[in-house]
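Just the one chain here, laid out as structure tokens, in the form predicted alone.
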Amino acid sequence: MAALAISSCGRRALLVDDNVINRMVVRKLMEEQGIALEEAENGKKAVELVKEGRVFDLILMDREMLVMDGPQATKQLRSLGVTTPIVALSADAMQSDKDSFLQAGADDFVEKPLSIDKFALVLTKYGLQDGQAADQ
């Protein structure tokens, strides 16, 4: 199931996370920034959304999910030609976890929990904080 928060500003993000609470928190943060958020509960659904032609300015990707995990989904998205920034999110901050995600094609790795300050830094870094969408 994918959910969509509507925004009139044209900035769009995809959150890929199997945890309902994590999705609720990020949804609220995105709404406060006026960013449309689409949600997928696993990597397979994220890949399907992109194959359907959905375009995003930022993808936030959890590491551990059933069906298809974050690194696998990231690798598939990159193989499809997706150049959208992918930010890996994980409570597992071991260097090997970071490395596997970055080697799969993630642009960045942010340790959970995702605080308001961390969230703002990610949005600013990838051009969504000030209304400038990143290129895909």
Partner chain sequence: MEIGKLQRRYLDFTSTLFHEGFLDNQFTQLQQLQDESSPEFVLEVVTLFFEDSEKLLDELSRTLDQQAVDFKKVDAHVHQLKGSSASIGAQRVKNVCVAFRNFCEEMNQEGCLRCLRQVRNEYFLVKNKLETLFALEQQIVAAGGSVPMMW
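Positions refer to the first chain, counted from 1. What you see is a predicted model; the values in this text were computed from it and never measured.
Although it is not shown, the form predicted together with the partner chain is what the next lines describe.
By the 4.5 Å heavy atom rule, the three marked residues 19, 92 and 116 all count as contacting the partner chain in the model of the complex.
Contact check for residue 120: every heavy atom lies farther than 4.5 Å from the partner chain in the model of the complex. Although the partner is absent here, residue 48 lies well away from the partner chain in the model of the complex, with no heavy atom inside 4.5 Å. The closest heavy atom approach of residue 32 to the partner chain in the model of the complex falls within 4.5 Å. Although the partner is absent here, residue 99 is not a contact residue: none of its heavy atoms lies within 4.5 angstroms of the partner chain in the model of the complex. The stretch in contact with the partner chain in the model of the complex, judged by heavy atoms within 4.5 Å, is 22-30, chosen from 100-108, 67-75, 22-30, 52-60.
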